[in-house]
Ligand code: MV4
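Shown here is one chain on its own, the form predicted on its own, set out as structure tokens.
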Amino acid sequence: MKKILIANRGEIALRVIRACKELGIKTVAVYSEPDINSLHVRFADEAVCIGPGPSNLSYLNIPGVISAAEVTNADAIHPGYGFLAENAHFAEVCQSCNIKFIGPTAEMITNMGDKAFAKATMNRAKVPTIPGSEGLLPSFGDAREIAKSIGYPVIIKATAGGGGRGMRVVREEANLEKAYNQARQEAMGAFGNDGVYMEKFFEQPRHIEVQIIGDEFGNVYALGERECSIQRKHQKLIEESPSPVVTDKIRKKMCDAAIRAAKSVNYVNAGTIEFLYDEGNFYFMEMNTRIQVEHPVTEAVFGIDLIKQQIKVTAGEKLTEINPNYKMRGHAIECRINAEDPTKGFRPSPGKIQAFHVPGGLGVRVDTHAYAEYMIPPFYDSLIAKLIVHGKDRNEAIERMERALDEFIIEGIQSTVPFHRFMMKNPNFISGDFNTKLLEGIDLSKIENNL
């Protein structure tokens, strides 16, 4: 590949540009009108405006993105995450235009994006799955019978869902029919697909995922696990690797299962197998067919550039830089810095950044597209930076993150930096004794008083 167009914006667009530069590959940025002063536009070799601010008129505009690739003679497109990253139609269009899509095939995206299909596939591959329906629920009667067989509480999920939409937790039979109908209606409105399935609901689980990458020669590697349990409304806030509760024995079982999962669909490129973890047992939840926001923590503990590996795999190269037997080096933590007010329910805080200073020093990495005087537009995700630290062990990583957060200056808007400072002092986080429900028991309106 000689030239790659990045069909994204913000820090992930910069991340891909940096990898391309180190590989000697030219880059093309696409941007919306409000993003004309973004850093990915400045640092790419070429830049093409593809529309006004709203995503559906710019970053989700497939004809516009493809046209930009054609007029700049780009021979590949990296979708980053979000936007078109898991859009099977976009992957098909790229292929039909003789442009390489840096990711899995459209068929893989479609199959693994259908959660009911994915679960059935995992069962055949002997990957542990959450007890529940074998496929979609054709009727309320089926939902009622399955709920009785696996026991309450249960959760109804949209098969095409994400971000918590089309989900309903049901703790007793009297509420099942209403929840079933609501989930289907919400799923149809959000995804154009009212298919739902049912699973056993765990009250206090952990969310743990495994990074995998495969090539066209049948090689698939699992690069350890990431702990992603610190979240709100199914949105991750803090990630780390390795997990403080996963033992070497469980890690091997989990990684072996992730490899079986990927090989069962002949998976090629980077992806993530997400597991629910409860009392020493893990269960397949879903597969993300793209690079993840939190990929830097895996890069830190494995000393590998995942974006470069994606590009090389797409170019038809064999994975040769990954030793499947080497151990993770130390501990890494990532804090997502969002333009949000954590004391007011994480309300978005777009506007102009008046002062911006990022931390540095040994073991500190900041992926960001923000700078002083940068105007955060209201159209997109509120992520403005990822702060990643690496230490010899978890205690050092937490101490390093505390120090780095103290150096992080963002003025003019509200940000989640105070929230992360607060969490680094939280006894449950420090001890590793937490689950996805941790934030539900914390009064975040008092965060500033605890700094």
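When you see a residue number, it is the position in the sequence shown, counting from 1. Everything numeric here is computed off the predicted structure, so don't read it as measured data.
Another form exists, predicted together with this ligand; not displayed. Remarks below refer to it.
Is I304 one of the residues lying within 4.5 Å of this ligand in the model of the complex, judged by heavy atom distances?
Result no; I304 lies far from this ligand in the model of the complex.
Indicate whether I155 is a 4.5 Å heavy atom neighbour of this ligand in the model of the complex.
Judged by the heavy-atom cut-off of 4.5 Å, I155 is in contact with this ligand in the model of the complex.
Heavy atom of G164 within 4.5 Å of this ligand in the model of the complex:
Taking the distances in the model of the complex, the answer for G164 is yes, it comes within 4.5 Å of this ligand.
Flag K312 as yes or no: does it have a non-hydrogen atom within 4.5 angstroms of any non-hydrogen atom of this ligand in the model of the complex?
Heavy-atom contact with this ligand at 4.5 Å: absent for K312.
If contact means a heavy atom within 4.5 Å, which one of 274 to 282, 252 to 260, 333 to 341, 69 to 77 is the stretch that engages this ligand in the model of the complex?
The contacting stretch here is 274 to 282.
Since exactly one of V246, A270, I130, A222 fits, which has a heavy atom within 4.5 Å of this ligand in the model of the complex?
Comparing distances to this ligand in the model of the complex, the residue within 4.5 Å is I130.
Listed residue (K318, H234, K126, H357) with a non-hydrogen atom within 4.5 angstroms of this ligand in the model of the complex:
So the residue touching this ligand in the model of the complex, by this definition, is H234.
Only counting heavy atoms and a 4.5 Å limit, does any residue of 60 to 88 reach this ligand in the model of the complex, and if so which ones?
Residues within 4.5 Å: none.
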